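Below you'll find only one chain, the form predicted alone, shown as structure tokens.
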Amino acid sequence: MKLVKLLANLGYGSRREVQRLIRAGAVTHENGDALDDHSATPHAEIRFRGEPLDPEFPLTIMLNKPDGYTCSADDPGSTVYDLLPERFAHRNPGLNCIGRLDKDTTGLLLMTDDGKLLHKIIHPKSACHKVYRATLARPLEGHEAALFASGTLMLNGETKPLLPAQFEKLGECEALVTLHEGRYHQVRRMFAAAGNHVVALKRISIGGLQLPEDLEEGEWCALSADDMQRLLG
């Protein structure tokens, strides 16, 4: 791919803007030599204003989503796209959320420009289970594990029972829930059916991929090949 097209697809500007930047010497080899559009330089060796280029395609990132952000670029207010470099909005193909987290749910959110991967993970037959840590308004009563694992729990307004879900008590008002499907506000509605109310909810893993403890809220990182293997199992 020619340098102008590569940089434009990565969101550094329109093709005309990128051409001007190249002529101005903003795009160099890692050794400092200026590049032109005909330069056949490996992606990892290209620098834009002295900095390495953003990751190439396909790109999948993990974001530690904070409270108060929605997952659609079209939503009013703050969105998860505001937490990424501004030029990411102009990448082609662009990044899309792999499933969504509610505005008031935090934690592990995956975003990708790989359509096949996106559909593979969100497909109902996907093996990518999701684990959530829920903080409850009232103490757990002891019947939740059996109820969630029963395969007969029916959410209000639905006609199909939930798939069995795993439950682990962490404390008087805190638990882990592992889901094998993704229905609207599912964890919150499950606890409502159990007579309780979720006051805080955080997704901590998808498949075998865990949210790193050192990834602060609002921060993101690109997934490595090892991460992808853990994700897909």
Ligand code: URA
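Because the structure is predicted, anything quoted here is derived from the model rather than measured. Quick note: we count residues from 1 along the sequence shown, nothing fancier.
One more form of this protein exists, namely the form predicted together with this ligand; it is left out here, but the text below deals with it.
In the predicted bound form, this ligand lies within 4.5 Å of some heavy atom of residue 132. By the criterion of a heavy atom within 4.5 Å, residue 185 is counted among the residues contacting this ligand in the predicted bound form. Although the partner is absent here, residue 175 is not a contact residue: none of its heavy atoms lies within 4.5 angstroms of this ligand in the predicted bound form. Put simply, residue 102 is close to this ligand in the predicted bound form: some heavy atom of it is within 4.5 Å. With the partner left out here, this ligand still marks one of 118-126, 81-89, 94-102, 152-160 in the predicted bound form; by a 4.5 Å heavy atom cut-off that stretch is 94-102. Of the listed positions (165, 27, 62, 201), a single one reaches within 4.5 angstroms of this ligand by any non-hydrogen atom in the predicted bound form, namely 201.
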